[in-house]
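Just one chain follows, in the form predicted alone, and it is written as structure tokens.
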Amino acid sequence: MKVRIKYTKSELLKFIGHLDVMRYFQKAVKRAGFDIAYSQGFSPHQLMSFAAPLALGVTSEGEYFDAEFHSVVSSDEFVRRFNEQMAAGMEVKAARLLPDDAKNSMSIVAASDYLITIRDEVPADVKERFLTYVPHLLELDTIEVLKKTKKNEKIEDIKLGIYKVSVESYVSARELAGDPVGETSSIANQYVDDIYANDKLYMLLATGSEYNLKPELIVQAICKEIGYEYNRFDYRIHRLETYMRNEKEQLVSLLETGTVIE
């Protein structure tokens, strides 16, 4: 039986690489006592595959992996038992049973959306110029950036990979929850507040095997247009969700394929 798991990765673990996250969940599955299936052959491994890998230094509330089990528990039980094994900074949010013919999450990813926060160290006038320029970005005929891979680097027009880019205004999570004075504040709440407070750069980008566009390339393009030198550490990047396309070619959450296990 195939199950899709949704999890988050927060500030505390943002510099833990993708391979270590994979090993982390392989061990968590064992510790939680799940009846996971293994491959056949001389070197059996857990049947587990992850969706779009998260870049180092990026946080997220929309990460996924699929795993195959000989038997399953309820969705609530999956979440509870996983989270009993999670370290601070990682949390399982949902579990869905997939149809037998469902494609794995890695092969169906089509897009991701992000919030970009400009850190306080950036001069106020630069931040203002940055956010003011955003609505004009897609008016350009081409958006050319230097795209680097492990083998080479080249100038590439990334405009077709940008589905949406805008400036969005948010209030703090505590205000939305009716707790403006922070009576229930914690490290976790502060992390959420930092992500959603004030003006943010929102972007919806192509993701997956067909075309994969990293959010920092859009930030680089804006910096180039406003004449400000790009520095990766001037910006906090947070992934909101990972999407696939349904039968109507609409972007929907990867959870859309599955059903709640009662």
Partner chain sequence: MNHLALSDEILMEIEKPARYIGNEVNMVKKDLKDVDIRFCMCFPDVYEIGMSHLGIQILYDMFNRMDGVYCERVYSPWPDLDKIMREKQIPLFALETQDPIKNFDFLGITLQYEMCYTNVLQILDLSGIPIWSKDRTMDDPIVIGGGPCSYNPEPIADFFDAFYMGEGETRYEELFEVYRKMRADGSSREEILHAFSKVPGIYVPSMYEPSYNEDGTLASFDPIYEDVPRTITKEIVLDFDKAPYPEKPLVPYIKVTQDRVTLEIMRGCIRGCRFCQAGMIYRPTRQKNVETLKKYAYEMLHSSGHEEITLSSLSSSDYECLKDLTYFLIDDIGNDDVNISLPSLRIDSFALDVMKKVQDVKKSSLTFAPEAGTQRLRDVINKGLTEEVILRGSMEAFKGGWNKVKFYFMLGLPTETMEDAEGIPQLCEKVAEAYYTIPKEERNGKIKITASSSYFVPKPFTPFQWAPMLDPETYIERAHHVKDTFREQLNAKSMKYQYHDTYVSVLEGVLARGDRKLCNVLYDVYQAGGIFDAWTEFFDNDRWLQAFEKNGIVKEFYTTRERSVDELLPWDFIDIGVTKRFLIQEWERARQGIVTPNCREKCSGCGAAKFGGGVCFEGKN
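Residue numbers count along the first chain shown, from 1. Here the structure is a predicted model, which means the values were calculated and not measured.
Unshown form predicted in complex with the partner chain; subsequent notes refer to it.
The stretch among 60-68, 221-229, 200-208, 36-44 whose residues place heavy atoms within 4.5 Å of the partner chain in the predicted bound form is 36-44. Checked against the partner chain in the predicted bound form, the candidates 140, 160, 87, 155 yield a single residue with a heavy atom inside 4.5 Å, and that residue is 87. The partner chain is not shown here, and in the predicted bound form it never comes within 4.5 Å of any heavy atom of residue 212. The partner chain is not drawn, but in the predicted bound form it has no heavy atom within 4.5 Å of residue 80. Residue contact check for residue 240: none of its heavy atoms lie within 4.5 Å of the partner chain in the predicted bound form. Heavy atoms of residue 245 never reach within 4.5 Å of the partner chain in the predicted bound form, leaving it off the interface. In the predicted bound form, the partner chain lies within 4.5 angstroms of at least one heavy atom of each of the following residues of 5-29: 11, 12, 13, 14, 15, 16, 20, 23, 24, 26, 27, in sequence order.
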